[in-house]
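Below, in structure tokens: the form predicted alone, a single chain.
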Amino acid sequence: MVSIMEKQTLWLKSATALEPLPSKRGDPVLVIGAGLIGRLLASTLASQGHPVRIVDTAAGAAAGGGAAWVAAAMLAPLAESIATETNVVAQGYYALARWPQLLSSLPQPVFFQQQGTLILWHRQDAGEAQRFMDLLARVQNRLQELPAPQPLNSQSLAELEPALAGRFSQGLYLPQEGQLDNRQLLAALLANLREHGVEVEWNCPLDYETAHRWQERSGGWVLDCRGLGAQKEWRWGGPLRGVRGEVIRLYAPEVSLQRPTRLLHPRYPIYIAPKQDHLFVIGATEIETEDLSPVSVRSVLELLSAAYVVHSGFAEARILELNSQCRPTLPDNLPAVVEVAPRFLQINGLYRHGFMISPAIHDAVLEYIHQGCNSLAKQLGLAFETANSSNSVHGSVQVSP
């Protein structure tokens, strides 16, 4: 059976072959929603010569990012593998190799880092760490070609992450994982759209009836990428719901972490994502609610206390933002693409994995638009319901037992 690493090579070869057919190149495309996946698809389609129109209900570029504007943008399929399905892990590994290709085509630089993820815990939380490692071992048994976690003692931890020397006696290093700067990416995608003569139409509610009329006139494609904005129209696989996350952005000049770091804790495991110039994104909370009220005092205290324990330099950090946002989530917590009418696709359910898997969703949608097939979706186990039910995908990616 083909290994994950061999598949990744095949996936990348297929990704470079996703050029539109000559007869399809001029098809107009209406993209509804200017968040991550909407901007990513609109940017590529405009670069390929499609007349693109992109609309969003938000009042401006920052708000139009929605959950993507708030996110930490970590690309961590191995770390996430203990909490999600094999399909999402496969999509995440495909995306890790695709991100540099996508970023290289943009007119503005985007911070991208692939130095792995660091997992830490305190001595009193050794039980939580053992549970984590047991779950990770089961994943490794299913996906034996994934890079193996590397145990760290105090010395190897200090060599890998000097800022944490003497602070922890053990940890885990997950190779190959990465992160990017979400806001730089969103801005670069807008810049690329402008270079191709496309401006986002902000504050522009657009219902399906209007979208269908546009499609009848243009003969083009409609891509609904609104996330939670599509709740009323979503009919496939159960209701679309929001899962709340709370995030703190800090400026911490006394802290010099080099890679995303996760602290295991039975009540509030946190992540710390270091961006450029001593900017840090800290989060952990995942609450089953669509409440978009400000961040709670409890969350702030827990996140900041845990960050301080990781590195005391966070005590002198400056709080730049406290943000809350809801991620669009389907009942199975997996993404899906649904063709609700010919050439009319709903793309949704990216949940907490938006940045981690969006290149895989992007490439699968482009393959369907340009070539009329969904072989990549089948390879990656992406749910892809087409108007022609014989082309529908519901399976899982095949991996070595």
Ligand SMILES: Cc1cc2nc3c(=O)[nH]c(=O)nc-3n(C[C@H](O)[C@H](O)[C@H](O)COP(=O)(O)OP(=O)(O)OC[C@H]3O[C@@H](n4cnc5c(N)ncnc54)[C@H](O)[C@@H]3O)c2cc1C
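As the structure is a prediction and not an experimental result, all values here were calculated from the model. Residue numbers run from 1 along the displayed sequence.
The form predicted in complex with the named molecule exists for this protein as well; it is not shown, and the discussion that follows is about that form.
J.: Taking any heavy atom pair closer than or equal to 4.5 Å as contact, tell me whether Phe314 reaches the named molecule in the model of the complex.
T.: Residue-level check for Phe314: no, no contact with the named molecule.
J.: Contact between Ala58 and the named molecule in the model of the complex at 4.5 Å, heavy atoms?
T.: So Ala58 counts as contacting the named molecule.
J.: Is Ala90 part of the interface with the named molecule in the model of the complex - any heavy atom within 4.5 Å?
T.: Close contact is absent here: in the model of the complex, Ala90 is far from the named molecule, nothing within 4.5 Å, heavy atoms only.
J.: Is Gly35 close enough to touch the named molecule in the model of the complex, meaning at least one heavy atom pair within 4.5 Å?
T.: Gly35: yes, in contact with the named molecule in the model of the complex.
J.: Please identify the residue among Leu152, Ala72, Leu193, Leu257 with any heavy atom within 4.5 Å of the named molecule in the model of the complex.
T.: Selected residue: Ala72.
J.: In the model of the complex, which of the listed residues (Trp234, Trp221, Phe280, Tyr271) lies with a heavy atom within 4.5 Å of the named molecule?
T.: Exactly one residue meets the criterion: Tyr271.
J.: Within 4.5 Å, heavy atoms only, one stretch in 337-345, 350-358, 365-373, 45-53 touches the named molecule in the model of the complex. Which?
T.: Comparing against the named molecule in the model of the complex, the contact stretch is 350-358.
J.: Which of the residues spanning 222-248 lie within 4.5 Å of the named molecule in the model of the complex, based on heavy atoms?
T.: Result: Cys225, Arg226, Gly227, Gly229, Gly245, Glu246, Val247.
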